[in-house]
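In structure tokens, one chain follows: the form predicted on its own.
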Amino acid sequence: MLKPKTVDDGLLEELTKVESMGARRRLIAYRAGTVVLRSMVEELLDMGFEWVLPVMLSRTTDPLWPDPGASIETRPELEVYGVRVRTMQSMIVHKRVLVSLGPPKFFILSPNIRIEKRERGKTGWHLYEFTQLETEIAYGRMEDVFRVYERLVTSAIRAVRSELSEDLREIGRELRDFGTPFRVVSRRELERAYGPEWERVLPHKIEEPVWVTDIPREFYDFEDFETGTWRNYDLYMPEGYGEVLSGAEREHDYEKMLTKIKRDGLRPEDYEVLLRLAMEGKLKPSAGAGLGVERFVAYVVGARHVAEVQPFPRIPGIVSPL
């Protein structure tokens, strides 16, 4: 999470004022966001990824349950042509279908709506509208995803340091290059070292990005039933900034997915297409991830609150004029 651990009401009020949108610091954040996105998109295209467009309304979306990091106050629904649909919380279900029937690897700049609980407005790290840079790789493994995002992160940082050096100096941001590969540590190791609050402690203990693996989460992440381990991962940034990416190798076995859906108290009918493909043997193994664009840009510019990099902040608990 961001430094400081929580932000005060004065900063939240400042962030939501339309007249503050032209502030110099924000202009630099927008420039940094442009450089970051251009760099990452160019790297993905160079690696042979296809660029596909996002879905924003659907009958099915990520349940975000039982992810321990989820804190959803409400799940917006509306009627389209007489059918109830939801706003997109993440495109994981759609990615799994597409990677099985379409391109073998692709990326999406995907808008997400997650109506976080109001108290998360002061963490400095949560938004109720944000964008993820999503990828999915057919027959990919955890390590394949690591190498992709390590390249994206390091290339983007180098591009910002090169192109915006004067801007970084103006705002007092010392942005470091990182070596690769990033260190990998399991969630169990972190619990032993730091206790149940490891997610809050870790970002203040590291000086380089760290992959954290084996996190109990949603039904679509691969879980070894015999050992109880999960083939999934988050990427944590240093300087107190915390998690910027979540991903996993994916479940593709019909019986395992159905067992986990029922175990988690979800409705199988909400995942009808995914389950049918799995039952027919058409759901390919894959791996992927989603990187929070605003969170990463906030790290790059040393923002006090992630909403500083949005032109129209979407802070939990606050509805701004625009």
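In this text, residue numbers run from 1 along the sequence as written. On a predicted model such as this, the values are computed, not experimentally measured, just so you know.
Unshown form predicted in complex with a further copy of the same chain; subsequent notes refer to it.
Peer 1: Which one, 233-241, 214-222, 73-81, 146-154, holds residues whose non-hydrogen atoms are within 4.5 Å of a further copy of the same chain in the predicted bound form?
Peer 2: In the other structure, the partner sits against 73-81.
Peer 1: So in the predicted bound form, does any heavy atom of residue 256 sit within 4.5 Å of a further copy of the same chain?
Peer 2: No.
Peer 1: I'd like to check something about residue 273: if you look in the predicted bound form, is any of its heavy atoms closer than or equal to 4.5 Å to a heavy atom of a further copy of the same chain?
Peer 2: Although a further copy of the same chain is absent here, residue 273 would touch it in the predicted bound form, with heavy atoms inside 4.5 Å.
Peer 1: Is there a non-hydrogen atom of residue 163 within 4.5 angstroms of a non-hydrogen atom of a further copy of the same chain in the predicted bound form?
Peer 2: Residue 163: no contact with a further copy of the same chain in the predicted bound form.
Peer 1: Might residue 193 be said to contact a further copy of the same chain in the predicted bound form, defining contact as any heavy atom within 4.5 Å?
Peer 2: Answer no; every heavy atom of residue 193 is more than 4.5 Å from a further copy of the same chain in the predicted bound form.
Peer 1: Please state whether all three residues 58, 115 and 317 have a non-hydrogen atom within 4.5 angstroms of a further copy of the same chain in the predicted bound form.
Peer 2: Yes, all three are in contact.
Peer 1: Quick one: of 246, 123, 90, 131, which gets a non-hydrogen atom within 4.5 angstroms of a further copy of the same chain in the predicted bound form?
Peer 2: By the 4.5 Å heavy-atom cutoff, the listed residue in contact is 131.
Peer 1: Could you pull out the residues of 29-47 that have any heavy atom within 4.5 Å of a further copy of the same chain in the predicted bound form?
Peer 2: Those in contact are 30, 31, 34, 37, 38, 41, 45.
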